[in-house]
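In structure tokens, the next block holds one chain alone, the form predicted alone.
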Amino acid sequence: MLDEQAALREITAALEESGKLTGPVTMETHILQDLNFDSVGAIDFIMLLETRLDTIISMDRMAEIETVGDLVRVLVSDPSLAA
């Protein structure tokens, strides 16, 4: 499975790719407020991650995501991302 550090690296790389990386990203970084995403931008970002990692995050799981840490936990618990 993808571990927390690898997931955080993937998220940071995707933020850089999307032009939203403006400073350090931590587990406490709030996706909407700290990264200045609106709700559509947040969904687009998650779709970018899905493409990068060849996975799908269900809408139910997306509803749980507020912080980068939440997103990391969703990715780490995804069985399709097993090593």
Partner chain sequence: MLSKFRALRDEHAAVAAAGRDPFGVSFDAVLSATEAVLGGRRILLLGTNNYLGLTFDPDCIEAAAAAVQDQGTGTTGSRIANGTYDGHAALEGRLAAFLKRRSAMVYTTGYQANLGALSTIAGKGDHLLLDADSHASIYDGARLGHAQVTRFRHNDPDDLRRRLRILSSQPGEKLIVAEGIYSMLGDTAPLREMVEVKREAGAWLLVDEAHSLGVLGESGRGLAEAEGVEGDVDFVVGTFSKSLGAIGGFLASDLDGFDALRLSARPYMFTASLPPAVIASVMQAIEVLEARPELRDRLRRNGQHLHEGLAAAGFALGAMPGPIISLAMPDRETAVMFWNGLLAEGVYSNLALGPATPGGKPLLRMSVSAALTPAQIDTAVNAITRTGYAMGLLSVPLAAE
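Residue numbers count along the first chain shown, from 1. Just so we're clear, the structure is a prediction, and the values are computed from it rather than from any experiment.
The protein also exists as the form predicted together with the partner chain; that form is not presented, and the subsequent description refers to it.
- In summary, the region of this chain contacting the partner chain in the model of the complex, judged by heavy atoms within 4.5 Å and restricted to 21 to 29, 69 to 77, 55 to 63, 5 to 13, corresponds to 55 to 63.
- Residue contact check for Glu50: one or more of its heavy atoms lie within 4.5 Å of the partner chain in the model of the complex.
- Shown here without the partner chain, the chain has Ser39, Val40 in 7 to 42 lying with a heavy atom within 4.5 Å of that partner in the model of the complex.
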